[in-house]
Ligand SMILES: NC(=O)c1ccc[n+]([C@@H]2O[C@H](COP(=O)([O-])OP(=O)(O)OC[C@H]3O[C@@H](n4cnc5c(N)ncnc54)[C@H](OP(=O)(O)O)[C@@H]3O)[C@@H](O)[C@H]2O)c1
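There is one chain below, alone, in structure tokens, taken in the form predicted alone.
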């Protein structure tokens, strides 16, 4: 199936020259079942991965988010193979990856960059991110190492992931001293997890001009509504996510009001609850929030690109916002 490029506006990502689609493709699912993190998803056939990447690019998604820890480099390798397979279609593709900090010091950032480049078939790393705020080194040390890589031409931009507001400020301060800026903070954010709105992360990002990259924008698939329609699907999930509270009968019941509202708007836009959710994510906070839904099936990629082909009205964004907050209140 050939997907026609969707009509949407590319946007500048934070304090950078990157001009990207509001949705990128999260590539955690390309881990090939390797490593503890990689076992979260089933193994995908190589041809399916190629098709997912091809459909994403045809639909206008122009960046891909992967990481060292995703299958111990398997995700990076699979992404690079897919980009090579699609040929000139990938000429404008941008890559974001991440350094894994646990039990490491900042020197590991420079020590492992050659491996990252090799795994990615020496494609440009447009955004290199600190995957977690936990390591044996300070934020300042990590940013100084990242700044070295920019100056050496090995990476283009610097981001972080799962950083608090305070750590974001520290990262940006150190980068400013080195003539650079923090570009992004990748955090969990969706209609059923809005902690960044209360803990200062979103406000700080807006203040500093830092982009938010929302991971798990569909709350592991809950916001698609398919588990509400057919709760038996929970039993067929491969991996540990089936044990999350949101997948239990009580969790599905609690979020049903929100799913009903998404279904209602989906009918209006000839869309799906998934597409309404993603559209809300990329429009509810101006151009600050990007999102990286994954795709473990070809139709997921088709849904992702179509989610950018319309824009919810302000009053619809407000309605979803209100219902989402009521659902979250009932969880407390």
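Numbering follows the first chain given and starts at 1. Every value quoted in this text rests on a predicted model; they were computed, and no experiment measured them.
Just so it is clear, the following notes concern the form predicted in complex with the ligand, a form of the same protein that is not shown.
Colleague: For the three residues 65, 215 and 297, which mark the spot I'm curious about, does each lie within 4.5 Å of the ligand in the predicted bound form through at least one heavy atom?
Modeller: Checked in the predicted bound form: all three residues contact the ligand.
Colleague: Check whether residue 59 has any heavy atom within 4.5 Å of a heavy atom of the ligand in the predicted bound form, and answer yes or no.
Modeller: Outside the cut-off, so no.
Colleague: Does the ligand get within 4.5 angstroms of any non-hydrogen atom of residue 292 in the predicted bound form?
Modeller: It does: once the ligand is placed as it appears in the predicted bound form, residue 292 has a heavy atom within 4.5 Å of it.
Colleague: Classify residue 148 as contacting or not contacting the ligand in the predicted bound form by the rule of any non-hydrogen atom within 4.5 angstroms, answering yes or no.
Modeller: No, residue 148 sits far enough from the ligand in the predicted bound form that none of its heavy atoms falls within 4.5 Å.
Colleague: Flag residue 105 as yes or no: does it have a non-hydrogen atom within 4.5 angstroms of any non-hydrogen atom of the ligand in the predicted bound form?
Modeller: Residue 105: no, not in contact with the ligand in the predicted bound form.
Colleague: Which of 51-59, 280-288, 260-268, 298-306 has heavy atoms within 4.5 Å of the ligand in the predicted bound form?
Modeller: Within 4.5 Å of the partner lies stretch 298-306.
Colleague: Looking at 204, 135, 157, 186, which has any heavy atom no more than 4.5 Å from the ligand in the predicted bound form?
Modeller: Selected option: 186.
Colleague: Select from the listed residues 178, 77, 162, 141 the one whose heavy atoms reach within 4.5 Å of the ligand in the predicted bound form.
Modeller: Contact residue from the list: 162.
Colleague: Within 4.5 Å of the ligand in the predicted bound form, which residues of 65-98 have a heavy atom? Give them in sequence order, or say none.
Modeller: Heavy-atom contacts within 4.5 Å come from 65, 70, 98.
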